[in-house]
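Quick heads-up: it's one chain on its own, the form predicted alone, in structure tokens.
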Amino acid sequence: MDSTLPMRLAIDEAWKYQGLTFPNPAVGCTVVDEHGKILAIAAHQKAGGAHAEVLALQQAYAVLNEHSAILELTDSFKIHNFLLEYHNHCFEKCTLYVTLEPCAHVGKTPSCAGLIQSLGIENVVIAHSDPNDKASGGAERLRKSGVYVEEGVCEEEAHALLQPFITWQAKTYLTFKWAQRLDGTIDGGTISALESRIFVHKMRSVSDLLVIGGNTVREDRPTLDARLVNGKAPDILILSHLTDFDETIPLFSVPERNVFIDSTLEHISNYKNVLIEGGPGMFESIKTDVDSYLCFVAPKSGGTIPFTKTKEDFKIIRTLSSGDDQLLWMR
């Protein structure tokens, strides 16, 4: 089998969780049997949860053994231990395709390299090495145990997936998000499908700071929390030259939240994963600082205010479906 096919499937799966895994990277994994049949495709979904390799092996075990009980397990250590106890060498002829080098250390979850080694998997294909010194070394550990390891398959595509993780190892990563209709308008009430709004609330729950414009706060009186997913609300930076705001606006009353009002981005240096939600004014004032753009395009028209009136060229990195909407990751 062409190794790029299962690797691209793993990359596609991981993109579904891009923006949701901070401080971990988005990672995907595909398990293929000795005949080239794809047994499982999975991705890491949130920090503290099972890694992509563990979830993919969990699914593959259920297929190989016609044993669905393992799918009821959600804790990474429990899945890990189940596989170690009951694998009965069923994975030995399988090949694992993973977008990021399997972790060598034990943290909030067990070592994926250790699990692969213990299960007797003979072949592992890796797209990108781990840029985090604390977790790296998995490929070398596997090689020393006799596993055949191939690296660099779809490396460029995996690098694009990994870019936020690489950036926030060194500095703040800024994602600018907005929702628009097909005609480019952003005003006139709710635009996005429920699935898109839930995705944004998941992003807020793992963002440690959310930046919003002063005019938007005054006009929309938002809460800017993560209530749709029962998540933690991020701190808020209101970008405004005017500091007088009505403190009955809901965002000011969210517990355990810091709210800053400033005309500069100075506060973002204290944070790693920053989400920006704004319109034309915010876009113009902050576009030179943004690392990636996330646009939700709803299949409708009817507004009056366009997202921007200036000419801009974006590079689309990935397109996904989100309910009836299209989700565009761009730079």
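Bear in mind the structure is a predicted one, so any value in this text is a computation, not a measurement. Position 1 is the first residue in the sequence shown; the rest follow in order.
The form predicted together with another copy of the chain exists for this protein as well; it is not shown, and the discussion that follows is about that form.
Think of it this way: in the predicted complex, another copy of the chain has a heavy atom of just one of 297, 274, 26, 54 within 4.5 Å, and the residue is 297. At least one heavy atom of residue 41 is located within 4.5 Å of another copy of the chain in the predicted complex. Although the partner is absent here, residue 107 is not a contact residue: none of its heavy atoms lies within 4.5 angstroms of another copy of the chain in the predicted complex. In the predicted complex, none of the heavy atoms of residue 286 sits within 4.5 Å of a heavy atom of another copy of the chain. At a distance threshold of 4.5 angstroms between non-hydrogen atoms, residue 170 is out of contact with another copy of the chain in the predicted complex. Stretch 176-184 is the contacting one of 176-184, 250-258, 235-243, 107-115, since its residues have non-hydrogen atoms within 4.5 Å of another copy of the chain in the predicted complex.
Shown without its partner, the chain has no residue in segment 223-257 with a non-hydrogen atom within 4.5 angstroms of another copy of the chain in the predicted complex.
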